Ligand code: AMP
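Encoded as structure tokens, the following chain is the form predicted alone, with no partner shown.
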């Protein structure tokens, strides 16, 4: 039976949570939600080899694409709250299916997930609401895109319209590179996601990630973060899902954050409401801070990865109830979310061949720092246990090493010292994550 929120005076009991996904983001969310003292169990479907290092967390052998299995698990386990971690199940309407069963779900329905699932849909939304963003052109074929490029006559950003695991964007430095990227997308590299593309003007300025928790009517804004998408030091090489992050990003002060709230976040929520979209989940705005002011590069409909890993250690134990309140459309009933004033740093260790052809199956060796109570977290992404019980690599991004400090320099120093104790064949990580703030 669906809950009538007008009859709820207080938030319902929160004892059992199910998180959908198996990456570093979901590992961090499970760890953070498990801090709430009344939580009995956090189930993660499918989770990874790091999930059960927290006694309150348990893996479920259910893939995030198995909506029937997830629904059955929610019923049999008496789950109070479902948190959908990734964009794919959201874009396929998993949140809608679970809500039909009367479950409290944190994550937008299929209509709201279009913010990320279709860049063209998101662009039309921004134009309609006068939200600052780059000029863009839609192309449905290679010929149409090539003709547009010839007409515009400058290098452009090329984006596959659909979901491409964070890898469907090319920022081009020449017209030749732009044409090559157009050819690549229409060659079928990204499957259905690349059946049409967005061409955008190149914006200039630092990037920043802004996260807001929405209950459909109201917003709670979390600390800012800065991601590092490129594979190699110096922001070179191909785009990845993200090689590291830190929070908060000092390039956004309180005044600028209020400006972003007024010109971007609130108008986004208002236009979603205007379209009868009851958006309960994360609104993630990837921004560029241009000379003309903040502009939206893209939206995501979930927490970023690895920004989530950097953010979660800064969140108080009340986060679990804040997420629950958003899922129920009742943020006004949420407790005040305490946020640490520390700096949180995250560096991702990937395997050789990432992002194009990641090598899997190598044994991972982890030597932990013997000093107790250090503010260090190790969030697993692409890990599993093999038949011999050894921890092995199972994905391109393997581990996220996170640490906190009083300043950026100390936080990153702790991260890189911890990385020295992690080994597997082909291990790779950037040595300059946070270069903007470490000096």
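Positions refer to the first chain, counted from 1. All values derive from a computational prediction rather than experimental measurement.
Another form, the form predicted together with this ligand, is not on view; read the next lines as being about it.
The three residues 119, 157 and 171 all sit with a heavy atom within 4.5 Å of this ligand in the predicted complex.
Shown alone here, residue 207 lies within 4.5 Å of this ligand in the predicted complex, counting heavy atoms only. Interface membership of residue 201, defined by any non-hydrogen atom within 4.5 Å of this ligand in the predicted complex, is confirmed. When contacts are judged by a 4.5 Å heavy atom cut-off, residue 288 counts as touching this ligand in the predicted complex.
Taking the partner from the other structure, this ligand in the predicted complex has a heavy atom within 4.5 Å of a heavy atom of residue 298.
Of the residues given (229, 99, 88, 333), 229 alone sits with a heavy atom within 4.5 Å of this ligand in the predicted complex.
The partner is absent here, but in the predicted complex a heavy atom of 134, alone among 269, 249, 134, 74, sits within 4.5 Å of this ligand. The candidate stretches are 213 to 221, 357 to 365, 157 to 165, 175 to 183, and the one lying within 4.5 Å of this ligand in the predicted complex by heavy atoms is 157 to 165.
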